[in-house]
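Shown here is one chain on its own, the form predicted alone, set out as structure tokens.
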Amino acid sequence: MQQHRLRTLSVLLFSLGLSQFSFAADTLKIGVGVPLTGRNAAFGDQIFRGAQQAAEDINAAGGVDGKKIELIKGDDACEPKQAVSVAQRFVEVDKVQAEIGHFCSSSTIPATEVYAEAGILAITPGSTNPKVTERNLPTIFRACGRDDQQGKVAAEYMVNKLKAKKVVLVHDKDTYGQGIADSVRTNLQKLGITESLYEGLTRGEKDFNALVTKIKALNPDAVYFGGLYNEAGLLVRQLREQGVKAAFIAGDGIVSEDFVTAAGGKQFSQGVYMTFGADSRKLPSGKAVVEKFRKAGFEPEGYTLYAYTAMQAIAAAVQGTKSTDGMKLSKWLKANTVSTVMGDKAWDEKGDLKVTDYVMYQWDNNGKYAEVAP
């Protein structure tokens, strides 16, 4: 009788083990590490919604190699230490098989060290600092361009189109903000322009009047800001309130309609320029997905479709290799082109896109942004 009970228990445990294994085998766990709280949560919302919609659409079409995608959400608040904690949890506790994120380059750089060590494929939809893919980490990719690419576009536009001769450079002292300002600075110098002022401000500050007074005294043709929309909005408002009419230019850190709010209204955001990839919402390849977002009451601006693209790339690599091994997925992505909502995408040996499409945008009097004619 005792032996019968033991055999029954063994069969039950074995069956449970098989059931758990079967469940795991039928699930593809993808971590999404982004700022879901804090001052940059708008970007985290864009990225998570993009990844979530892609997962839902892929699952509805049958999944990936028979597996259904399960998203694991992680809030890094754009804080490097918190990003590392999120990455460690994804790897050690959640056992994710791939990751989408992070957003702030200062968070992505340390977090991807964790993913790389664990051999996990990670694709950032929005971290543009060159260092992200310059560290010889084979499983780290991005679905966006680099600051040395958009810095060149910004510098050339200021000199060739705006005819700027006196340029002020301001940054937020962060990895992304200072990095892109430095790229603009380098490219301006190649065009024969030395900046009139190069200065940093601190994230979270609200009073930039001392800096604005200094800028006003220089009477520049253009002010370039490297940073995110909160400080960009406050800075441009205070410049305008003190009568500084210089063109205001920023990078893709302001590609959210929250920039208008941060600036205090359309009257202050109007006329501001920014660099970002060509508007993927206008591409035929993403038309159906864009319409789906809009029907649900969400405008897929900014990094939404970049995150959707990152998910498509992961799914294609898993399908193509029949594996979740990060090195195998990496080799596949570097050898194949993926059809996405943003068109066909291909990656080089560093994990960077082979083709990027940075263009100049300008905010209008309705609080919207649109591409400026070349």
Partner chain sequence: MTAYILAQQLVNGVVLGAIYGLIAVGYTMVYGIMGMINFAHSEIYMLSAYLSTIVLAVLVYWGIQSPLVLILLTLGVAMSMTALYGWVIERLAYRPLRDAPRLAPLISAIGISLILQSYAVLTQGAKTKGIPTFIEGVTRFGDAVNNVQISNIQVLILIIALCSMVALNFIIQHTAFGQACRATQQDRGMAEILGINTDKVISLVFVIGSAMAAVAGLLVTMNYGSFDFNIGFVMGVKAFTAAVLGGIGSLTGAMLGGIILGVSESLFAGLVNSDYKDVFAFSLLVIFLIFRPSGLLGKPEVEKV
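Numbering follows the first chain given and starts at 1. These figures come from a predicted structure and were not determined experimentally.
Omitted from view is the form predicted together with the partner chain, to which the following refers.
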Q) With the partner left out of view, is residue 280 within 4.5 angstroms of the partner chain in the predicted complex by any non-hydrogen atom? A) no
Q.
Contact with the partner chain in the predicted complex for residue 185, defined as at least one heavy atom pair within 4.5 Å: yes or no?
A. no
(Q) With the partner left out here, check for me: in the predicted complex, does some heavy atom of residue 120 sit within 4.5 Å of the partner chain? (A) no
Q.
When the contact criterion is heavy atoms within 4.5 Å, does residue 273 count as touching the partner chain in the predicted complex?
A. no
Q. Just one of 191, 93, 217, 288 has a heavy atom within 4.5 angstroms of the partner chain in the predicted complex, so which one?
A. 217
Q: Report the residue, out of 73, 237, 89, 131, that has at least one non-hydrogen atom within 4.5 angstroms of the partner chain in the predicted complex.
A: 237
Q) For the chain seen here without its partner, which of 80-88, 194-202, 96-104, 151-159 has a heavy atom within 4.5 Å of the partner chain in the predicted complex? A) 194-202
Q: Determine the residues of 256-294 with a heavy atom within 4.5 Å of the partner chain in the predicted complex and present them in sequence order; the list may be empty.
A: 258, 261, 262, 264, 267, 268
